[in-house]
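To begin, one chain is listed below as structure tokens, in the form predicted alone.
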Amino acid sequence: MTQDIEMKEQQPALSNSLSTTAPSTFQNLKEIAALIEVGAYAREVRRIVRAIRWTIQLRRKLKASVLSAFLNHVLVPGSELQSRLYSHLPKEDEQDMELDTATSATQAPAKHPLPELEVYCCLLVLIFLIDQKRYSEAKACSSASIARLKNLNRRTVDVLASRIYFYYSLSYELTGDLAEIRGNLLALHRTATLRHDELGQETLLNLLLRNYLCYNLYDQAEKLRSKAPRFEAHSNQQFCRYLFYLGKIRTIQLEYTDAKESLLQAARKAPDAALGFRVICNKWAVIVRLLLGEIPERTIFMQKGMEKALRPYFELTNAVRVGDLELFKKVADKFSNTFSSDRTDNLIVRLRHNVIRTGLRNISISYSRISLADVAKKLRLDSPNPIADAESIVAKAIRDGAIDATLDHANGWMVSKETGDIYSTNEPQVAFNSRIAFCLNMHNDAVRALRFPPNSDKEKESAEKRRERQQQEQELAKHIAEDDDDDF
């Protein structure tokens, strides 16, 4: 109980120092290092997580001079780690040095720095190198950091290690050498599983799935995902990434219903700051819904900050909704570069059949009887024998239940049946049940996402035991006082 009270008192002080009083970046890093040290000694992972969160806020303020002063303050001078990290930092003029760096030299550094602080220093330098677009040096720094992490088996290091894993994969991806580290990522995932490092398993599983999907190895990605150990998600960001990769795998495997649920859930759970991630999730979700025969709402394309990015998919949706095959080809050719960069061009090819089926459905609703030649003309089929193709397309649509019509082969007609009242069927009830199921699933997910402080039951029991002990002590003191009065 006392530790929680102290933690709550320290939190606003440090958060205020980052926002209101605005001290130097070096002073903020020293406070974060002190927080990591307290978390390492107390074995409280929450403090390490808070330190990572504050580091992200200081990311844009990191400079080589500040990092050099911080390394000199935390690490042992002349050590192998300090010299290696110093080699990655550029030498700047003394004018760029902050005022606090002059006082840092007078402070005695720690003789035996904690492994958490060493890993944190590696993480800071790695983030700085990636932000400076020095990817080759970032690769070398991340590889050395991974080698250092293999010898550490501490639960307080797991949070920092997961960030190192992410930037390790990112540095190799930015240089186009992502396939080189696939074996290392598999070995790290095996080690994290043996050490019961669930956060590391989440991060490494997502990195491996991304590694496979970058090279279109969807079968290997599905085998790894299906055989990886299952547990409750510890990080919302990693869970969103997992849902997105799962949606991509399901889309390629033609499991559009499951893919739609995964992609929409990933876009809904993603934080508002992750605009790019939500954009790519919505792009894939739009394609999947079109493949399912659904037409996305206009509000999806009008979300704040997404109008320009989703414009090609809005025009594509409009072409599919109208059922105009020629308009669909124009949109596909106009935004071919965008679809290729989003890696959805192979899915656009699948949409051609949906465009034809939508146009055929509109024709069957508009005409009670129409010749196959007119059907081919309205669908704008550009094949050598459009009438025969139209006949096969109509026959397949009738067999699949897309349209309610019959074929008159003798006269070459498509005869549509009269449409009945949909409210006399079970369709409204099915749609209503699906909406209720969706709301219930969302409520259950929200309840599962609730988090409580660890060991809350133990703390409650210890408080009750403490009250009982104090009560017993008071009764004992009263009994002793009564005995003293009797003796007097």
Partner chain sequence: MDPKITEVSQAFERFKAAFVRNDFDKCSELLSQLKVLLTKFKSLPPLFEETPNAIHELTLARDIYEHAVVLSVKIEDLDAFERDFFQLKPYYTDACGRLPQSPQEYLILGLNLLRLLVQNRIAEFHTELELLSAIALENPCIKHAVELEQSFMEGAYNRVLSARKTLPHETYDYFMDLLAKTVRDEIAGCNEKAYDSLSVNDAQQILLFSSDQELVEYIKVEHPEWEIKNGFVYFKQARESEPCKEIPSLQLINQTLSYARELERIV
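Just so we're clear, the structure is a prediction, and the values are computed from it rather than from any experiment. Positions refer to the first chain, counted from 1. What we label the rigid core is the largest C-alpha set whose atoms superpose within 1.5 Å from one form to the other.
What comes next is about the form predicted in complex with its partner chain, which is not displayed.
Only one of the listed residues (298, 190, 196, 409) places a non-hydrogen atom within 4.5 angstroms of its partner chain in the predicted complex, and that residue is 409. The listed set 274, 398, 117, 144 contains one residue whose heavy atoms approach its partner chain in the predicted complex to within 4.5 Å, identified as 398.
Among residues of the shown chain, residue 133 is not one whose heavy atoms approach its partner chain to within 4.5 Å in the predicted complex. Interface membership of residue 219, defined by any non-hydrogen atom within 4.5 Å of its partner chain in the predicted complex, is confirmed. Put simply, residue 369 is far from its partner chain in the predicted complex: not one heavy atom of it is within 4.5 Å. Using a 4.5 angstroms limit between non-hydrogen atoms, residue 231 is distant from its partner chain in the predicted complex. Comment: 425-433 is the region of 25-33, 425-433, 39-47, 55-63 lying near its partner chain in the predicted complex, near meaning a non-hydrogen atom within 4.5 Å. With contact defined as any non-hydrogen atom lying within 4.5 angstroms of its partner chain in the predicted complex, the contacting residues in 334-352 are 346, 349, 350, 352, given in sequence order. Relative to the superposed core, residue 430 undergoes a Cα shift of 2 Å or more between the shown form and the other one.
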